[in-house]
Ligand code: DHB
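Next up is one chain by itself, shown in structure tokens, the form predicted on its own.
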Amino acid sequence: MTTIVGGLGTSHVPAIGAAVDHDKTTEAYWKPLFDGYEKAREWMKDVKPDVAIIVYNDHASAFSLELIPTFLLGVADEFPPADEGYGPRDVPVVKGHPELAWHLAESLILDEFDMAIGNKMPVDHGLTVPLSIACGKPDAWPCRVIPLCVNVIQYPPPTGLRCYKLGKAIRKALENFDSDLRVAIFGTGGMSHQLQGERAGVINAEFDNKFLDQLSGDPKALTEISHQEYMMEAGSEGIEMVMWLIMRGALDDKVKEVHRHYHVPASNTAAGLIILEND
């Protein structure tokens, strides 16, 4: 049976990727943030996942407002880094796992989740920054990756409850995949931030830390947070945090918190990191 080795939740701030790419991680501004990522890199080396399912949102790199899938699974052999306006990041090509990805697609669709299928697409900082956070600057990423893209750009995004249920359906699909694969699940995005308007730069550390507390201990409470509450409390881009609930739904009801890190600011965002394992 396929084994879920744990879940990792992290912000995917593009400036974090730039700091890695340009060797700025030990500079005074960035060092406190990256010091908190060392445990994640140790954890990845310890648990050695064969595959990471990375839940993220595209930032108009693979999709535009002409085509907006609510949930999309990448099933390709590989996914190149996207050009987000300043050239692709100098990071390894992301290698997929088509066999498991197609199994997930079939299982989830038959469980009545209407998944779109990505046979060819680039992946932007939403996916590659979490890999950099967890893996550093390798010549090749240490595991295969299945991208799971979620619309949190164009209203309406999926609810937290729907995301949590999708995580549970992913868990079911993995348990029914006949292999000895070790799978990690990443939920990415957030935490509190807003990039435009009068509230640009808003940070709500109290909301963020309560979210992390409940992600570990009371995830069902998080499924009751409305879109409006996310935006009021965590800024317009705080809605990205619903993607962490897909990761959480794939784990046991009771989990062990392995590591937590929270830092303000990372660019104009509150950056969070949490690692959870089944207890």
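From a predicted model like this one, the values you see are computed outputs, not experimental measurements. Note that residue numbering begins at 1 and tracks the sequence as displayed.
The same protein also exists as the form predicted together with the ligand; that form is not shown, yet it is the one meant from here on.
Stretch-level contact check against the ligand in the model of the complex with heavy atoms at 4.5 Å: of 142 to 150, 71 to 79, 189 to 197, 113 to 121, the positive one is 189 to 197. Taking the partner from elsewhere, V13 is found to have a heavy atom lying within 4.5 Å of the ligand in the model of the complex.
Proximity of T25 to the ligand in the model of the complex falls outside the 4.5 Å heavy atom cutoff.
Among residues of the shown chain, H59 is one whose heavy atoms approach the ligand to within 4.5 Å in the model of the complex. Put simply, R89 is far from the ligand in the model of the complex: not one heavy atom of it is within 4.5 Å. Interface residues of 229 to 248, taken as those with a heavy atom within 4.5 Å of the ligand in the model of the complex (partner not displayed), are limited to E240.
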